[in-house]
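Presented below, as structure tokens, is a lone chain in the form predicted on its own.
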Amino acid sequence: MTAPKPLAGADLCVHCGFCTQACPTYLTLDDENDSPRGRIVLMKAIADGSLAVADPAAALHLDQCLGCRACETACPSGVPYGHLLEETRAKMVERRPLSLPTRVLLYVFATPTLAAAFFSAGRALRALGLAALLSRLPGRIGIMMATLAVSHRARARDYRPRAGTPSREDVAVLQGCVMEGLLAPVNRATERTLAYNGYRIVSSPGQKCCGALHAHAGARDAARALARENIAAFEASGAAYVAVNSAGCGAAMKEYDHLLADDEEWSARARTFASRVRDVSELLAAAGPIQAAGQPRKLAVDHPCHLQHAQRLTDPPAKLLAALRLTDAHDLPDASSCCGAAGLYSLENPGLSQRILAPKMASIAASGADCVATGNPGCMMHIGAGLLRAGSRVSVRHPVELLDEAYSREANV
């Protein structure tokens, strides 16, 4: 009989408890099993065979984890919690299949033709006003419709780099599934702002969904297949960097080397690829970025978990927003706390997701802001849906959209 394989990195946890006050589910549920250190105990027990992989109680507590990785920022011992969670969920999926809606969505996102049709239908619901109307319904349907209702319409902008702007490296932009499907203006703004700061935008045919949702859910084979296709596609583009405007996608792609570590054919290519992935804020910060006067507004800033906690990026996003020269832009008091979006979490765990979102809604209301800036599509739509359902007129924008808006106004004055 093969001996159980230990869970690499789990023994780094010394159960100090610093992670508990950073964990949204622990703070919401007040249950040790829903804290990072409690879940690590469960994951180690599953790994050593003392707890059944399909144990329903363990599954409940592990399913309720957002995977926000705030515990990693708080942890003094360097526990790789995100990797532990993904590995454990992958083991669990082998014995306990994912829910049918999740399996369907993951398959759709990984299949470009189906994804195009799916998001086209979503845009149609939005354009007809049905999404906004149905957002009043309770439960999953209302949440999903509200999410569609607040996704963006296209904004046509046309401006060119200034004469004398230094020429920089070639950059290929991840189009993404949700971003291109429902928030395409953010991709166009990303391309324009990078070009305005001297980067040369090159195309990357053949790129796919990044696989982040698949990896988080435990569907590792699908995540690995998508990673290989993306590595090949972006290698063929010849770009020096791959720009990503989705915090979750960027975190996943920067960890392709971990995802493909056991693949002899792809591991070295994955390491090289991961070293070339940059959040759009990193590239813009490296370029300056060029400053422009942003539209006067009271701006509240919220930090996506996978930007701050997984990628450990705080300075580049701050430099991007500083380029707007806004005098009234401030972090929300709980800006480093998860909003409850977490990929498909709000559909799998709608009640708990909304409880986690509630403090964020209260912070936004207390801030008096008329706009919230956050750099991740899931966060944008989840927070936006919460505001819509609350009857708020506060908008949610990606930081790069605000910079794009400022560049367009300045260039066309």
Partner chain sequence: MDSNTRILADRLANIVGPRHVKTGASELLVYENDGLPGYHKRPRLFVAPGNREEAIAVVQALAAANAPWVARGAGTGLSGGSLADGVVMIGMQRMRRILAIDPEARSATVEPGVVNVSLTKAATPFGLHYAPDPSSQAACTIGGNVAENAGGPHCLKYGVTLNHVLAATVVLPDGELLELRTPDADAVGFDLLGAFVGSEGCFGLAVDITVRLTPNPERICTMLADFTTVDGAADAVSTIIAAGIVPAALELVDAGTIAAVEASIYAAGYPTDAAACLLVEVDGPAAGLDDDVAEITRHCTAAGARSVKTATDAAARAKLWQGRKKAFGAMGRVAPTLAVQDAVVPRTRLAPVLREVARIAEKHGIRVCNVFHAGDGNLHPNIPYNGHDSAEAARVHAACDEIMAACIAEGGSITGEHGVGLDKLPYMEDLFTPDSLDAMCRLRDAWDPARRANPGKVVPVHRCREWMATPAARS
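Numbering follows the first chain given and starts at 1. Model, not experiment: these values are computed from the prediction.
Unshown form predicted together with the partner chain; subsequent notes refer to it.
K.L.:
Any chance residue 74 has a heavy atom within 4.5 Å of the partner chain in the predicted bound form?
P.N.:
Because a heavy atom of residue 74 falls inside 4.5 Å of the partner chain in the predicted bound form, the answer is yes.
K.L.:
Is residue 55 one of the residues lying within 4.5 Å of the partner chain in the predicted bound form, judged by heavy atom distances?
P.N.:
Heavy-atom contact with the partner chain at 4.5 Å: present for residue 55.
K.L.:
Flag residue 61 as yes or no: does it have a non-hydrogen atom within 4.5 angstroms of any non-hydrogen atom of the partner chain in the predicted bound form?
P.N.:
Yes, residue 61 lies within 4.5 Å of the partner chain in the predicted bound form.
K.L.:
Going by a heavy atom distance of 4.5 Å, is residue 392 a contact of the partner chain in the predicted bound form?
P.N.:
The answer is no: residue 392 has no heavy atom within 4.5 Å of the partner chain.
K.L.:
Taking the partner chain in the predicted bound form as the reference, which of 41, 371, 347, 358 has a non-hydrogen atom within 4.5 Å?
P.N.:
It is 41.
K.L.:
Among the candidate residues 330, 325, 200, 312, which is the single one with a non-hydrogen atom no more than 4.5 Å from the partner chain in the predicted bound form?
P.N.:
It is 312 that has a heavy atom within 4.5 Å of the partner.
K.L.:
May I ask you to list the residues of 29-52 that have any heavy atom within 4.5 angstroms of the partner chain in the predicted bound form, in sequence order?
P.N.:
29, 30, 31, 32, 33, 37, 38, 41, 42, 45, 51 sit within 4.5 Å of the partner.
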